[in-house]
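In the structure tokens that follow, a single protein chain appears in two forms: structure 1, then structure 2.
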Structure 1
């Protein structure tokens, strides 16, 4: 085998131009495939992170009845003991943020609106989604303050501003009447448009007192460093909690509609990727067809002096593996460097405004997920190997006399 590798390597560089053209074709294919994947997945990762960080979290702990009946009656008691059990479940858990969530009527002197009231720990919530960075007027409350921060869309509908009083009316735990007055300390331009038009943030202790649920929460969102660890972290928490009353959900289980939307939206990019691979395949085939026809005389001479067809096929196969491996490796390295240089792509003009109106930053981030590099590389490598079957079949059916005279 060492002899075959040496022969293959020498054959490659006997015609440097032909070899370099083939390698560059593979490099171009890998770079194009990775860039297309990175742009698509970067956008989806940003969307998922935005939706998940402001709603369910990547991993969430809640009462087993709450998902079917999201009522304050299905809250659970949260203390330091439970917090430590969650944090000790897996070293990849950064923090656990308790929340209490319900729907109430928000009112001013003349109008009411349905709102989502979210009681949070301001410090932990900011660690999770940098919520304080979206405050456009006033300030976000601190622990112990009895004030509210509301979405700008809701403030506009109720004609309220910083310093005004917001009335909240609803039902607390076990049917208790819940009503309270809160000074508005800040307005937030929430990045999720639906929440911007309906969200009211309260300090966790103030919300619990308002809802007659002291010490109780509706959920605990778990912060993890990487979305790819979601399932492993969720499994670890389940094993460590060992509580029949509490369940652990991952974000795909709580937000299946996002996955469905992504699957529908990915249909076109996947079709384009298939078309790209077809074009790449025909490009390879044209290069290899030319290369093979140029070497027919060489093959004929080698066979005529006694070289067995299977040995010649092995040498050619090793050439194929070497060319494909060099091209794929170079393509992965080059694509990674290009992604570093262009990440993120900043939008301008009408395109930027359209994205901002949807609640997102006017950028297109790149995904650096490891699997997109090696999977696209493997796909291109597989295409190259299939195309290179042509010269192998040509050798098998080669007429020595005709090839030697060509």
Structure 2
């Protein structure tokens, strides 16, 4: 085997320039494909990351009716024993944070606004998404305090600031009327734009009391150490709860719109990648084709002296694999370096302003997700295997004498 690899390796460098051009073409394709994907995925990863940490969690426990009808009537009772049952389901669970969530109207003297009221445990919520770091004015409430923290967008619209009083009007559990006054202790620059314009954070027990739902929550978000374990943890919780009334969702189930949008956005770069690889594939094929054809006589001699066709195929296979894997490895390293260099792309000038006006950060983060690298490797390897069919067939059907005469 060592000899075959040696033979293949030296054959590669018989026509140094051709081999280098082929490798460079593969490097080019891999780099382009990775960059396209990384730029597209980066923004989505950031968006998903924020949605997951501020809204859904990786895994979430709900009442089974809540998804169809997100009303306070479809809440569930959450106590220490349920909390323990969730936490004990799987050792990869870091924490569980209860929330009660509903729509209410917020008012000042001049206007009313629809808001999303979110009752949270401040300590757990902070562990989950470091919410306190986003407070830009005043402070986040602590346990036992009875104040509100609202999104800066909402504050602007209602012309409220720290120290002012917020009036909330709405409906509690089972149609009970709910209204209350809360002092605003802090303003938050919420990273999720929609939430910045509508969020009102209240302490969990204050919210429960306001909504006549003492002890009840709309969801429990589960924190896990690594996103990879989402599905495993979700099914572990399902198994451990074993409760017909409670359902466990994972984040893709809770954010289907974002994922659909992402798929649509990725369609064009995907198509481009395929086209790119087809072009590169033909170039690769051309190289392997000439590498095979110009050596037919040599193959004839090798078969004459007793080299099995199988071994000859092995040598050509190694040549194909060497070219493609050198190309892929160099392409991955190069694209990784480029990503490190450009990440994140900071927009400037008009483009930046336009993005800020839309409510987004003027930066495009790069995705470093491992899969986009090895997918390219698999892709090129697949192409290499298709390309290799040619020499394989050629050797299988090679007539020794015809080869020797060519």
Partner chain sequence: MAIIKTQDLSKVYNPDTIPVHALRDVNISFEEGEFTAVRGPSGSGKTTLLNMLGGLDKPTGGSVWINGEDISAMKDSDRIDFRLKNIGFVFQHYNLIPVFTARENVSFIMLLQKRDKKEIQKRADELLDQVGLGERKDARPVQLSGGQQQRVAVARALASEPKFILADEPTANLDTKAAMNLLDIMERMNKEENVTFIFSTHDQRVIDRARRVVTMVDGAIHKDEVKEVTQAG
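Rigid core here is just the name for the largest C-alpha set that superposes within 1.5 Å across the two forms. Positions refer to the first chain, counted from 1. Predicted, not measured: the structure shown is a model, and the values here were computed from it.
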Which of these two chains, shown alone, is the form predicted alone? 1
Determine, after fitting the two forms on their core, whether residue 311 shows a C-alpha shift of 2 Å or more between structure 1 and structure 2. yes
Compare the position of the CA of residue 223 between structure 1 and structure 2 after a rigid core fit and state whether the shift reaches 2 Å. no
Could you check whether the CA atom of residue 380 moves 2 Å or more between structure 1 and structure 2, using the rigid core for the fit? yes
Backbone CA shift between structure 1 and structure 2, residue 44, after core fitting (angstrom): 3.7
